[in-house]
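We begin with a single chain expressed as structure tokens, specifically the form predicted on its own.
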């Protein structure tokens, strides 16, 4: 028996300094849908997400509250895990950079880079963003308020001059250019690849990988003389400093695959098939990270997908300080977990920025879920129950059904777009089919056929059963196909149609999804439809707040 394909997908780990907004969790929802798709089609899948917990800024926030950094991040992480659970996020591991195995992995990466001659001591002088780290002159902006980090304009920059360790990124310029040439799909979308390639060709500078004087972080394992910084009692020499937060954070992806403590697991899962990240951290993941891995004798990830931002009205960046953050708990409370997942991934293209608002989410929810899909399922189940006494009708053969003939092409396009990370387009493909099913109801008018059948018209009776069979099958297929995006809705739809939903809550353990997505896959099986249950009650725009 051929072993299943394996698929390892990760998100960027979230900075655990404040409660998450929907814009923070957007990529996690998208990656979760991708992971669920791969589980359901039968791939052995590993999905990693988590939190980034080491930085000067976190230590400062904790001190301001009179708490230890660990207590502070524990509370912040609980906010993230709670919000992700509410959105039905199902990672195989939620990693924290404070996890003991991650500490070992980060220190091992430093040791390997040192042994390879790729790190050296030097003096850094320049701007430091407490939220993001060291900034090159090209990475800051001069404004009337002074010099700012464009990604964190409200966080005061610090001018630093300190002795620390540098990674020899400049040594990897040619290899990076060659890698981009040999692997044109390494960074996607293509315009993001071109941005990163342009940066590489502009010349790469070595970057700092340690902080001096910081005690909240992973101890740097090497002293300036090249010997271990670990003392005989097992403690670490504070003079060696800590590992720079960005160097530390990137390493989570290999920690989550088993490096260095579980070599069998690491051989199975690395290299990652897909990193899903935001555009603001593309350089770290597509330039710094491959070089770090090569320095340690490891492979680069296979693909990095760079998504855009959810923006407030007028293209303004979302943040707690601006008061325009959309609270994920409010979205789930209003739309339900599946509705929240759907509107985020349908309303926002997964390959670029998009303005969003509460009103736009409500319009999308009402149009696509309440009116289109929810109404299709409701009236299909209602009509079959009323006109066929609840007996589940079989669909017409593919060559006798317009919906059946169209469906294989829908599945192909849907799969292609999911696997290309164009999640918004995947949903658009599926909802075109929802529209086609609704048009069949309007064109065939089952209520007219039922009246004629009741009057003794045999052809109308046959046509009624065929149309309703096609509609029931369309509902089954749509409900199953959309399960990676709306995992709670799929079993509810199938239950009304008296079909089993054979997948676990995270999408594992079921039959290969593509087999189940064949038109008429269960046509020969009898069944009895249940009473119709509304899936998506309509909402008004004022049903929930927009920001928090």
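Positions refer to the first chain, counted from 1. These numbers were taken from a predicted model, which means no experiment stands behind them.
Form predicted together with the RNA: not shown, discussed below.
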Assert contact_stretch over 375-383, 225-233, 79-87, 107-115 against the RNA in the predicted bound form, heavy atom within 4.5 Å, equals 375-383
Answer key: of 442, 182, 264, 399, within 4.5 Å of the RNA in the predicted bound form (heavy atoms) is 442
Selected contact from 285, 192, 476, 96, since only one has a non-hydrogen atom within 4.5 angstroms of the RNA in the predicted bound form:
192
Check residue 280 for me: does it contact the RNA in the predicted bound form (non-hydrogen atoms, 4.5 angstroms)?
yes
My question is simply whether residue 199 lines the interface with the RNA in the predicted bound form - judged by any non-hydrogen atom within 4.5 Å.
yes
Would you classify residue 526 as touching the RNA in the predicted bound form, given a 4.5 Å non-hydrogen atom cut-off?
no
Contact flag, residue 456 vs the RNA in the predicted bound form, heavy atom cut 4.5 Å
no
Taking the RNA in the predicted bound form, which residues of 107-127 have any heavy atom within 4.5 Å of it?
124
